[in-house]
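Let's start with one chain on its own, the form predicted alone, as structure tokens.
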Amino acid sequence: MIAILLIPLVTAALCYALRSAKTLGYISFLGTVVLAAVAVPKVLASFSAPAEAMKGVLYMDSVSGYIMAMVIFLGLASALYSIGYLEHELKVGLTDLTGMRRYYALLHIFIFTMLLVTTANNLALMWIAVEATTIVSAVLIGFGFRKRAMAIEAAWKYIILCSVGITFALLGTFITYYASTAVMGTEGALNWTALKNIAGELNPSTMKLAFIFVLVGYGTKAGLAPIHNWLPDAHSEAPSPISALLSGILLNTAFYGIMRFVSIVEPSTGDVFTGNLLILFGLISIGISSVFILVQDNYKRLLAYSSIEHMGIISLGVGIGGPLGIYGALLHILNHALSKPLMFFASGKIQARYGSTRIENVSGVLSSMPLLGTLTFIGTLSLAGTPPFNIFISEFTILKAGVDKGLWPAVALFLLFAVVVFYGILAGFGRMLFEGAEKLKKAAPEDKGEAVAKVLDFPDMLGSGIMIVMAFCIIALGVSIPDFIDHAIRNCVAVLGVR
């Protein structure tokens, strides 16, 4: 476990020390390959038996392994995509060797912070790790190679809102510790494993207060409405590989903290309290995002609002609860972690080709770039919840869980919002893919000053390769859930507990 955490730090140091632009990206990618080689056996072992290190401070069970596997895969995918992406930005003069060194070093520190979230047994350490993800990713957002001023503004907004929000999670952690002292004496407990053992003895009123603070705090970082304002700016202004990590896995690591607390809180408070709050926040997130998706004229911001929608769906699934609801939420985490990075990778190539993030300035993608257009079309159908793609399966699973529990108002609202999202996403990307002839290098008003005349397409074989792999997984998971994934999710459901 310690080796898993050290590898990205060593890779970050190597990337920062290198002085060759040609080798930087490949050393970065090699670091993620080594990380995967070391971590995958540990991840697989976690589904059979939990493990701990540093006297219980670090801990891995099936839930940790499940989220960690996505961090590792998307870290590898982003590192691979970044090779062509950064070479292109260097070629057109939007960055230099120093900027590349900082980017790759911070990328691996970012991966380290997310890995630390998944391995932290101590709730205070987990909070520190989540806050660290904010600091590191904010610097990466601020790179904003094309619109630096707007990117820096988005980064500051991200830091301020998430830091203020996550302070509530810290208060919730303190209150949880206070509740544990009434059971264990003055020493109390902050380790999740210890709290899990005494969860049924904790004071219900105290734990309700703790959960409200935790939900607001980690919910801010997870992008749950109405405290989601930072997300559209941050995700749309960040470099595309970083947007992929932010949407694909960072939001899930924050929600991971909420899921851990749910399993601690429910034994004393019952499932109605936590379930209703999660359903409420989930439906608000889906509803608000559906409106903005419908009227959005910027495709990167459209993808950002789609992330809010999907985090709302995950919250809804956990709130509905039961084996099926939690299973659907965990499956949706995986499905979203495949579909959204694919779309942000595609958006980076589209922006490079057309010099704009405005939907009206992009057309004919499918005819001018058949491979990219096809991959974008697959990602679009998946995000819209179209059968038989992967996201439809997890959404249907969550809907069935709601029907089985008789939560008809929640089911009806979810279906209504899902129809709006379906139309909004297909309408937006449909215009880009199918309508009219190709429009090259026509910048929208807000794109002025980003050296559009220099913007070139980057036919990146490595980036295209990882996008093809992700598209294949999206289609495959829509047809059938492999046994090893089904087994992993069922183990996670058992660890989190069913209601």
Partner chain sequence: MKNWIEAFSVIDFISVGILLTAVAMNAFRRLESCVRTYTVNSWLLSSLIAIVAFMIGETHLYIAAALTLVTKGILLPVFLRRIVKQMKVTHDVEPYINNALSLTISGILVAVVYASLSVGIFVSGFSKNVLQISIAVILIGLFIMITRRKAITQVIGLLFMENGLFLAGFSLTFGMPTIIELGVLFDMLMGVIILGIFAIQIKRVFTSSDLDKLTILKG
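Everything quoted here is computed from the prediction, not taken from an experiment. Numbering follows the first chain given and starts at 1.
Missing here is the form predicted in complex with the partner chain; even so, the following discussion is about that form.
Taking non-hydrogen atoms only, residue 233 approaches the partner chain to within 4.5 angstroms in the predicted complex. At the 4.5 Å threshold, heavy atoms of residue 157 reach the partner chain in the predicted complex. Residue contact with the partner chain in the predicted complex: residue 424 places no heavy atom within 4.5 Å of it.
The partner chain is not drawn, but in the predicted complex it has no heavy atom within 4.5 Å of residue 357.
The contact residue chosen from 261, 305, 112, 429 relative to the partner chain in the predicted complex is 305, the criterion being a non-hydrogen atom within 4.5 angstroms.
Contact annotation: of the candidates 347, 122, 95, 390, the single residue with a non-hydrogen atom within 4.5 angstroms of the partner chain in the predicted complex is 122. The candidate stretches are 330-338, 241-249, 168-176, 357-365, and the one lying within 4.5 Å of the partner chain in the predicted complex by heavy atoms is 168-176. Annotated contacts: 20, 31 and 61 are all free of the partner chain in the predicted complex [non-hydrogen atom within 4.5 angstroms].
Annotation for 196-214: interface residues with the partner chain in the predicted complex are 205, 206, 209 [heavy atom within 4.5 Å].
Annotation: residue 187/residue 57 CA-CA distance shorter in the predicted complex than in the displayed model, change of at least 3 Å. Figure legend: C-alpha atoms of residue 57 and residue 186, shown here, are separated by at least 3 angstroms less in the predicted complex.
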